[in-house]
Each structure stands twice: as C-alpha cells, then as structure tokens.
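Only one chain is included here, represented as structure tokens and corresponding to the form predicted alone.
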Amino acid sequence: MKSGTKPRREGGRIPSISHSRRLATAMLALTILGPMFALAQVPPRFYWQSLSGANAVPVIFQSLSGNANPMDPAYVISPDVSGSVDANVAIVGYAKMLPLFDRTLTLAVLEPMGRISGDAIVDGRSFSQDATGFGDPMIELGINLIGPKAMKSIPDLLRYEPKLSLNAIVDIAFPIGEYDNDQVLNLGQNRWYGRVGAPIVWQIGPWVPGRRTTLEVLPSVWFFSDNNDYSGGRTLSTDPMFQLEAHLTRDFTEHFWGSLDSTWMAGGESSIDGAGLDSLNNLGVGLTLGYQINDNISLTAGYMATVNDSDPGDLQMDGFRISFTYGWHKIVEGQKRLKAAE
C-alpha cells in the first residue's frame, strides 16, 4: 500500500489481513468464467473485475430441454425436429485476467461435452436420434473500457467498486465439435458463430460484502456463417440475432448471493435451402443462487425458462445449471502459505 494511504474501512472497521485474503479469493472464484450455452446467457457477476493475473477453472453441468437444439445459440426451430430435444452437458474451461494499459483484459475458453437426444422427422417418419462427444470450443476476449483500472495488488482489490463499468467482448466458436451430416441433432454446429457485446455493471448502494447489489446488462449481437452440409447436404443460413441479458444481483450474506435473470432474443431468422423459418422473439426468465464454499471454490445453481412460448412456432426451452469454479492467484496463495507457517 502506498505511503500515506489509509486502509479502506468496511462497515466501520479496518479489514484484517485474513479478512482481506478471504475477500480476495472469494472475488477470484466468483468473478471468472461461466457457461455461455444455456439460453446463450452469461451468468450473473461474470463481469466483475478481479486481480490481474487471476486464474479460474470451472466444472459446469447443464440439463436442458426444448423444441430446438439447446447447444446451438441460433435456436433453429426446424421442421425436421419432432417433440422435445434433451441435452445433458458438462462444460470445462479456463480463464485469466491480465493488465493491458491499466485496463483489465480477460481471456477465457470453454469446451462442452455430453449427450443430446430427440426425435427427427425423415420422409414423414419420426426417428430417435442422439449424439455424444465434444461440442464446439468457444473463446472470449474482453477488455474493460470504463470503470476501475486494473487491480495489481490486494489493496487495489479491497478498494474495488465497479460503480458504472463498461466492457467490450468478442466471442467466437470453432466448428470442430462432433458433427454427423446424416443427423439433425449434433453437439457441433459445423459452422462458425460468435458475438460482440458490451457488458455493463451498475453498482447500487454500498460496496460491502453481505450488502452488495448490482444491475448488470449485456446487449450483444450474434453472427452465424452458413452450414453447407446440414442434414443431408442442405444449406442452413441464419441472420444476425440480437440478445439482451439482465441480472439484478444481491448479497444475502458475505458468502451467499442471488440473482433474478432475464434474456430476450430477437431476429436470427434461419432458412434451409432458401426456405425461411420463423425468426426469434423470445423472453426467458430465471433465478441464480451462488455460495462461496471456501477460499477458492464457489458454487452456483440456476434455472431459466422461456415464458412467451404458447404458439407452436415459438421457442420453448428450459434448463438447470450447476457449476463449481476454482479460482487462484499467486499473491493470494502466497499469503495463505505465510499464514499457515505462522
């Protein structure tokens, strides 16, 4: 800490070194990495900042069901699909935060794997289909544009308050997942896709663990290349899709928090060999709960479902997600070793 700089008080008291360490590791495990496939939504508190050099590895389990392939963020409601499509998917990944010109740069990668099953219509008859294996890996590059500068020390982290923060992100998925052109349902999508977005975090009220409240909004646009080998060699094309996500998050205790979630998707009209399908205009709502198990490990669980899905051509989708995230930083781990040696 710089000479003459007083420690930040929280709730009228000066944080102890052990409290500072707990806060730092909690921030590591809470703020880095999460799934991006369930209703194409990024989890709440994903875009909070943490220490430069922080790392995280998540293990995520999702159970999804709907009338479209839940592994495809375009959510193509195809006449070739009959009934419900179910997916049980595990996602693993890695993320790192780095300083860049006094701003925080985030690099993340996700790899889905699992099983998807449902009924497909071929020549007017319904057949069961399923696929297992790996999906398309996705990477994200993000940079903070407005808000606190990159945090390079524990005192920087203790002074962190997002206030009004703005990031810019670019996501891209690589079409190397499991794909069979004889099937409608696949884990891989056999085409490039990704998005650009501008996550916003707005702090509401005091920034004290146990009392933190945020409103988080992410407007983004998804882009899709053509799949020229879709289900028997046809061409699947999808227009850009606009998505707006929102989370209202609140601490219940220092280690337990919740969020009310919503996502709206519009556009993204698809066509198969030039035959147009319905565009999306769907709203999903959900709930997320998070708990800090220990210094490094956090647990989150969430559920989301579409609500304006009464018409036969509407997207109908719901999914449950549970994730364990392990976060660490060499400075924090060094403090823990010194504490253990005392």
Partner chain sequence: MKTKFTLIAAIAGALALTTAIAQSASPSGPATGKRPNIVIILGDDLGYSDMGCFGSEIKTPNLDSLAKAGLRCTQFYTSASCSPTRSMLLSGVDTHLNGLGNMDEWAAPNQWGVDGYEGYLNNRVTTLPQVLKDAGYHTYMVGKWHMGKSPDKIPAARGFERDFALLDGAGSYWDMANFTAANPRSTFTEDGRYLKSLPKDYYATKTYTDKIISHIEANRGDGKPFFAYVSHQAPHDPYHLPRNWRNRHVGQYDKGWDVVRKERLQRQIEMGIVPKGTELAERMWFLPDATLLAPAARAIMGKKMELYAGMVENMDHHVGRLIDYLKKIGEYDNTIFIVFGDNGAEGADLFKMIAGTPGTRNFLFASMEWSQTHPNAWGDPHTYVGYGPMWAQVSMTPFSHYKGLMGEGGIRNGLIVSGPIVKQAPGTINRSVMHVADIMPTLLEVAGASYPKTVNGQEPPPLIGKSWVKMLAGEAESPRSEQDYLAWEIFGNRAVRQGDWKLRWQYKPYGTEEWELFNLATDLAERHDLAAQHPEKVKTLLALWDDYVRANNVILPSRVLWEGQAKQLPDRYPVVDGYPPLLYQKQFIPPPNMLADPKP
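Numbering follows the first chain given and starts at 1. For clarity, every value in this text was computed on a predicted model and none was experimentally measured.
The protein also exists as the form predicted in complex with the partner chain; that form is not presented, and the subsequent description refers to it.
Stretch-level contact check against the partner chain in the predicted bound form with heavy atoms at 4.5 Å: of 151-159, 84-92, 164-172, 192-200, the positive one is 151-159. Proximity to the partner chain in the predicted bound form, taken as a non-hydrogen atom within 4.5 angstroms, holds for one residue of Arg234, Arg103, Arg211, Arg115, which is Arg211. Residue Trp207 is the only one of Phe252, Phe242, Trp207, Phe223 with a heavy atom lying within 4.5 Å of the partner chain in the predicted bound form.
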